[in-house]
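Next up: a single chain in structure tokens, the form predicted alone.
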Amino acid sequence: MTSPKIRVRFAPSPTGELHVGNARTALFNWLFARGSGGAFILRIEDTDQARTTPAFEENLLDDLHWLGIDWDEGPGIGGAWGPYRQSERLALYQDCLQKLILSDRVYPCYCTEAELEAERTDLVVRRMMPRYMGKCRCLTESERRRLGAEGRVPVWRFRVEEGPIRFDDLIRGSMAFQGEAIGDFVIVRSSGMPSYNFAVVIDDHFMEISHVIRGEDHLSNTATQILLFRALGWEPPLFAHHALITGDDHAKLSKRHGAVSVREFRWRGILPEVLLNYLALLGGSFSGVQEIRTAHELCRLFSLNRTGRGGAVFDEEKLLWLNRAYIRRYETENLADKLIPFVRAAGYDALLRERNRLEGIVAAVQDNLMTLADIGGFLDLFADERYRIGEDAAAIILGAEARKALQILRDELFLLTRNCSGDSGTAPLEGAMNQTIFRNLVHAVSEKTGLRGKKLYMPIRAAVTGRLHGPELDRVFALLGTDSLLKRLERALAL
């Protein structure tokens, strides 16, 4: 290491969508770098050519950008320590392999998959830790030539010596693994591609990574990586292993628990700042009870020693609660911008050309939205062609008192339109007058029926919206206008 500056990295494999657990690791690294004035490096581990796709990499970069996680070096930016894709660094890995061959720290292994599986099975039956037992460790040159002549292409294994491998973890304290329990591990596959542990060590060294922050499932990898650092004559970085995200059953978060990828939560209408905020809070990374924090606050307050050693339970209800709280805090104009793709997905492209009406609807339903995707169901409420009366609403409307209230409301509304237009035409109820007009209408119905509270408002809501729950009725009246209101009241009374 020659750089005194804190340098951390997030090194995903683009073999699938970005899991929220990996996004949390990226976030912890980003917060640590931004809070310390360090550098955050994005490195793509794409040596698994069979499973790596350009689409997954594109989505990965897009999801990180969406979350607000930017990088100082990496794809699209470059940097002095590049290239930042492992597939473009293969010559470097080969150079390091040659160094280990010359120092006799590695050897070629010709064992077939069938032979390795038989060895693993035998160890399990004997209740021993499955590991490579070193069959090819002491082969002579003639034995190697013979096995090669049989068509066997070797992998390269690292010679692990017996004894403890110790390191201090910034989150978990002193750690130790036994070399004899690890066994000689593969560093280069028969295809010539480096193993994960080998490539990571080389990349972390040459990119001058100062801190490796990742999930606790990498603890055993750290032991093997430290062996490689030492064998190559390099100083290891500092390590910090945070707890993994779990489901409510305390098992590692997986698809059986529901949505697990950042992209799925995007499609469902979770705001990026909400997911960022929630992932940062998981595991107790911050002191105090304040739950809504800006990215700037998160960077300033983040601390590795508060990330927690126990599993962080992913509570989707809490995420939704936080999302709703953020939505309520948005300015209507900004929220309308966020909702555009969801309005389009719901089939209301035409509404995007009526910005004032769109913002009016958004203002009306804002407090009712749990996610951005919920907007589709509320847009139906304001579209006459999609107006339907639900069974629970119909049950209310069919009551005698309810029908009387709706008849009076219809008549009062019809008289109002005649007074406004001077004939039998209709006029919309708009602007500042709407609340007054609405109150006058409801007051007239109440005076003539004697109904109050739910007995008064529930039939009106059921008839006008076809539902029993939704936005405030005065806003609904203003957005629908008298023509739609009268048509809906007639349909309700025709039940």
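Residues carry their position along the shown sequence, with the first being 1. What you see is a predicted model; the values in this text were computed from it and never measured.
The same protein also exists as the form predicted in complex with ligand GLU; that form is not shown, yet it is the one meant from here on.
> Is residue 207 close enough to touch ligand GLU in the predicted complex, meaning at least one heavy atom pair within 4.5 Å?
Taking the distances in the predicted complex, the answer for residue 207 is no, it never comes within 4.5 Å of ligand GLU.
> At the 4.5 Å heavy atom threshold, is residue 196 in contact with ligand GLU in the predicted complex?
So residue 196 counts as contacting ligand GLU.
> Give a yes or no for residue 45: in the predicted complex, does one of its heavy atoms lie within 4.5 Å of a heavy atom belonging to ligand GLU?
It does: once ligand GLU is placed as it appears in the predicted complex, residue 45 has a heavy atom within 4.5 Å of it.
> Can you tell me if residue 263 lies within 4.5 angstroms of ligand GLU in the predicted complex, counting non-hydrogen atoms only?
Heavy-atom contact with ligand GLU at 4.5 Å: absent for residue 263.
> Since the chain is shown here on its own, which stretch among 210 to 218, 111 to 119, 346 to 354, 164 to 172 would lie within 4.5 Å of ligand GLU in the predicted complex, judged by heavy atoms?
Comparing against ligand GLU in the predicted complex, the contact stretch is 210 to 218.
> Could you tell me which one of 397, 200, 280, 335 places a heavy atom within 4.5 Å of ligand GLU in the predicted complex?
Filtering the options by heavy-atom distance leaves 200.
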